[in-house]
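What follows is one chain in structure tokens, specifically the form predicted on its own.
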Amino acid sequence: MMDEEVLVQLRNIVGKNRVLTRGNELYTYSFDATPIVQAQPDVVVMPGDTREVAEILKLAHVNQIPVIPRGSGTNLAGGTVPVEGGIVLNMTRFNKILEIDEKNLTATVGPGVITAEFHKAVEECGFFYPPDPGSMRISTIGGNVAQCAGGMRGLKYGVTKDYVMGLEYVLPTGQILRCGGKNYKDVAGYDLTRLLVGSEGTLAVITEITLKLLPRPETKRTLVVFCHQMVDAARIVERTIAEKIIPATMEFLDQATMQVVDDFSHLGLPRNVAAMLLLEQDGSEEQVVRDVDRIAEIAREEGVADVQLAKTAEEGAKLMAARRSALAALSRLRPTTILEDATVPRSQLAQMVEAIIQISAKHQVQICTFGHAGDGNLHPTCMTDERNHEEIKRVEEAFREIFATALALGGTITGEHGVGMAKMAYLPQRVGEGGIELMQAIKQAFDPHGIMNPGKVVAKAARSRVVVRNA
């Protein structure tokens, strides 16, 4: 329960209509896109500018109240669930594209700008912003930055951290600072921009973002490859890249995911193949034609079931949309859908997928796998029911083995979703106890009272997937 005097001060800062305290309002902010985890905040505050954010943080710092920055709440690691109550800071009013700088190839935006709307705005000016997380139609740029989101173009273009050039941010004490900017070269001091990208709201509140833009590619083409065996798909990926062809997109769906996606999208996908590769290449017309033709040759040399080139841009877009619908399609099967993102080196892709199949069978849980084959980022997705506690225990054990396998193959516990609270227990295995201690020291330097998004990333006690409900 929030102190009434604090509520009065919050209303004085942002206005009474921007402070939410009703039960139904707080319930709305008690969860994000992560299944099973839930906890209710004490209050939701909707600031409209950096000064208001600074005043709110000063108040929270003095009273040692948790603050959880939040955009659209699409993250999949419990990163915006207020596990210790406090203030949820809804940043969606920071939804302005402040500048598209055509001379410097940059854009400056508020963190509440919707990712897909930003794509549309820069493309209308002839530019290109590559990061395209699956949730981009509702996710915010600020959320993308906080989680260091990836997407389907990561292989060729990298992820969000590769496009963030500068930030305005507010420390828990209320101090307003800037790092980076429009300079393509800048090595003055520690790289605080890189440190804040992917910090999951545990260090500061980001209030303005400067992003790098690229010229819009001249053209693009889409290719689909259907494989008899998983190893065929993995070999095509390896050979394509070994020939120095870097596709813009190189996505993978296993047989189970293909069937569910086809039921959902009615694309007429074959039901008797083991895997599907969905590739997209962009660039100059000459390069795209040459690359796509060579990838098709490699696929045929590997004896695949079929190779199909999208006849039109619209057909290609329809195939890519079907891939983006994979999670939505899978979520129709059972009441609870848990999507993870174990990542391995590309050379271990087939071995990792086979391991997931075996782990799924061992624990008798339904797991379908799709993901970004080009960068080894897999999304094993479990369809389950959170009300079945015995099954949830088996799901937890299956994912524990999946992450252990990924680490044993030289991979990692998350490629693009972040640690949040869902994968805190696995982080020490990835970075070691020394790494955890260093991260906790960095957290202490930014946030001495520990008010920024507590219970996430490097909190002292990790918790499993449990339902947390406030009275």
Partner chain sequence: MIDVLKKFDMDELLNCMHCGFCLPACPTFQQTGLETYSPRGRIALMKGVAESKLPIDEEFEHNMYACLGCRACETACPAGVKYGELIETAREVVEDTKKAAGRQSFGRRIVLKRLFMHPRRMKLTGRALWALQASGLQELASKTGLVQILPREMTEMQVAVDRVASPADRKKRTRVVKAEQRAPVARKVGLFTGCIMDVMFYETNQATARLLSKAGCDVVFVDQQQCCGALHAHSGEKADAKVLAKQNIEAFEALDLDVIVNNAGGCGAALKEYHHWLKDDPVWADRARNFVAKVRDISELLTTLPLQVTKTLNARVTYQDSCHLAHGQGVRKQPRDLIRSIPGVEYIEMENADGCCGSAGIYNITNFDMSMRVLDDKMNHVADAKASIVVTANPGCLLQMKKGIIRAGLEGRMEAVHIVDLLDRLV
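Note that the structure is a prediction, hence the values are computed from the model and not measured. Residue numbers count along the first chain shown, from 1.
The protein also exists as the form predicted together with the partner chain; that form is not presented, and the subsequent description refers to it.
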property	result
Among 384-392, 233-241, 274-282, 208-216, the region lying within 4.5 Å of the partner chain in the predicted complex by heavy atom distance	384-392
Contact test, all of 23, 27 and 138, partner the partner chain in the predicted complex, heavy atom 4.5 Å	yes
Single option in 415, 35, 69, 420 placed near the partner chain in the predicted complex, where near means a heavy atom within 4.5 Å	35
Selected contact from 151, 376, 380, 73, since only one has a non-hydrogen atom within 4.5 angstroms of the partner chain in the predicted complex	73
Any non-hydrogen atom of residue 446 within 4.5 angstroms of the partner chain in the predicted complex	no
is_contact(residue 426, the partner chain) in the predicted complex, heavy atom dist at most 4.5 Å	no
4.5 angstroms heavy atom contact with the partner chain in the predicted complex for residue 198	no
In the predicted complex, residue 332 touching the partner chain (heavy atom, 4.5 Å)	yes
Stretch 305-327 - residues with a heavy atom within 4.5 Å of the partner chain in the predicted complex	327
